[in-house]
Ligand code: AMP
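Consider the single chain below, provided in structure tokens and representing the form predicted on its own.
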């Protein structure tokens, strides 16, 4: 068993920032480009109408008067024609349709007179546009961008508008600073899916959704693997699947009982142990290791099965690993800490520091730390409403109100 500071240091030393990753554009919203996107063509790719109306020749328009033209073709968006527009003629055209050869501008359909607004090919339209200007209501080819032009530079965050622009520029995949992929697996033959009604002796798999939410809050991509029973071959198969991720987080099966089979499964899958058991409460059985793979490594965390222990260990060990893989600066690796004063007595442990749920109240002189009712490592009730984890030093016994303690603030996401 090692001290907490040493264990955290070993996690930090093992973690390495991830390189850029090529992903499908459809799943890249919110990510930051690691390589610029250049257009594969012009936009617009041709001169196109920006209004419903009639494509006309500038030379045919009677300034401040009525222009009568023969309609020679109908063009909806997506239609094309090889027919040029001769003098004295026009095309009925819809927004988005390519401007036919010979035409220079579009007169809106609202400018049609004497009931001729519905005129189609073969008819004659009367137009009067008091604000007519040469080339109006036409988007010229390449006015938005040209082929080969960088439309989204490196470092751009892919907002909805940026994704739309990337599609217009021809991108289907992008190189991004992708979030670390975190595979999440719970072990225990007593576990049933969250939507099940547990029978006698069973319990819902709360750790899976809880850790997945914590992963997302810390900037990772959660890959839920569900739960697996206490059978060596099943655990090994699930672990092998999880090792394709950047991080594998497994809860349960890391203590010293007859069915604590996870360390053996890790070893069988080639995961090298870095440490097992840390001097802390809750979370003493926590396990950490790593496994090399062709494109890097997988960091592997075996968290205790009790939910409170699992979440505390996530905050202290998995969160900094995620931050490092994301390339964040050291100041973002851990949740912030403050120093506060207990507003009521709190009981520590004799041999290990205790991380217990609390509320934190700011005052003019600092922080008041309010201990919350908590029955231990299986109790999420206190943690669910906690604003922080108060750190009660090893050997402290019962600390009276007024004692100064450190508090890990749980309201941030570490970056």
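Bear in mind the structure is a predicted one, so any value in this text is a computation, not a measurement. Residue numbers count along the first chain shown, from 1.
There is also a form predicted in complex with the ligand; it is not shown, and the following applies to it.
The ligand in the model of the complex comes within 4.5 Å of no heavy atom belonging to residue 216. Proximity of residue 255 to the ligand in the model of the complex falls within the 4.5 Å heavy atom cutoff.
At a distance threshold of 4.5 angstroms between non-hydrogen atoms, residue 291 is out of contact with the ligand in the model of the complex. The ligand in the model of the complex is approached by residue 307, whose closest heavy atom lies within 4.5 angstroms of it.
The chain is drawn here without the ligand; in the model of the complex, the stretch among 292-300, 314-322, 179-187, 151-159 whose residues come within 4.5 Å of it by any heavy atom is 179-187. Checking 221, 168, 260, 79 against the ligand in the model of the complex, a heavy atom within 4.5 Å turns up for just one residue: 260.
Of the listed positions (95, 116, 343, 206), a single one reaches within 4.5 angstroms of the ligand by any non-hydrogen atom in the model of the complex, namely 206.
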